[in-house]
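Just the one chain here, laid out as structure tokens, in the form predicted alone.
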């Protein structure tokens, strides 16, 4: 399998092999071996769950740093909608934009603008395409898209064939900068201010199409630098006015509020998303037109790279969105639906299969079922695999041994101890043991 970029990485020096991460990973992509966690890269979807639960800060997200913008003659910041919810109400989006300019960016293009335009495109698609899978699944959260690729490949046709607001924002911002400055597209650097590692991976390793964005900088890093220079800023509007419709995308339910058509379902939190996807696989949600699914609880404001408490950010974003409901800001975006469509479908990444050969995979599955039936079924994680079934699958693939299970190991030790005791009680004939009738049959009995 070709090398795949992942934002989520392991700091082996900090890892203590506590197994917290293996119990929360939604794709069972982590094992603990020799006292250290190991990430199975083919399975990782960069959702950031392991970063949240690691008590030793041994999981980190690799992002671009601020100095990366110096590589380009002209740099553009793309703040995510959730970015505005990190600041107090007196620090309006326009002031935040001024701060980004002071920080070194040449211009700012809010992703909230593109979110408003993508909302209209989704609405048009739902109304025009009557013969489509139900429900369609939003493509906005890259962790959910990768979850479908790895764990639910049969649902790939449900992912709406429209690109995310970040990609539209990057494309429109670069085109506008090219017209205004005369710089070539390769001389213009477009950087997303990201709330999560999944967006970094979307930029570095797009699922299908190439990305229109050149880099992703952690929202927490930018936030800390901005707070130090907020005084005495020129607060004149330096970019188009941001609407409440687009800002709402930063929290759970905001995307559906902007679409406003059909039967819409919103779910957030990766494990809740999995439950809904399983229901779709069973054909149980055909009455739903569209599914807004976000891996982080609360939406992007719950990303592991945001600095603010997500409950506080949600209130601030709600107030900000309501205060800007009448603002219309999507006039700069093309109206044609084709502009928002993906050029290639999202491919599958079936990393959970037991073998490439179907016959071998079936044989391993049958063997794994037998092993699972013999394991204790406690899913304790002491073996370094997330569950007894995962251990069984690791065993049949040659990645683990039955002795990794401490209960299996204890049973074997007890059996061995009993055999030792039994052997210790045996005496040779020369020490006075009586012969039994079975002697004539070639056996000896005590």
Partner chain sequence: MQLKFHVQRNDFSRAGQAAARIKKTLQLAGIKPAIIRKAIIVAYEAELNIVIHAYHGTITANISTGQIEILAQDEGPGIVDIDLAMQEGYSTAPPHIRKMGFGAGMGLPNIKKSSDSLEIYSAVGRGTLLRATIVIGD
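Positions refer to the first chain, counted from 1. The model shown is predicted, which means the values in this text are computed figures rather than measured ones.
Only in words, not in the display: the form predicted together with its partner chain, which the text now covers.
- In the model of the complex, residue 260 stays away from its partner chain, with no heavy atom inside 4.5 Å.
- Taking the partner from elsewhere, residue 336 is found to have every heavy atom lying beyond 4.5 Å of its partner chain in the model of the complex.
- Taking the partner from elsewhere, residue 389 is found to have a heavy atom lying within 4.5 Å of its partner chain in the model of the complex.
- Put simply, residue 353 is close to its partner chain in the model of the complex: some heavy atom of it is within 4.5 Å.
- With its partner chain omitted here, the record of contacts in the model of the complex names 356-364 of 311-319, 295-303, 356-364, 68-76, defined by a heavy atom within 4.5 Å.
- The partner is absent here, but in the model of the complex a heavy atom of 282, alone among 88, 179, 282, 271, sits within 4.5 Å of its partner chain.
- This chain lacks the partner; the member of 146, 171, 324, 158 within 4.5 angstroms of its partner chain in the model of the complex by a non-hydrogen atom is 158.
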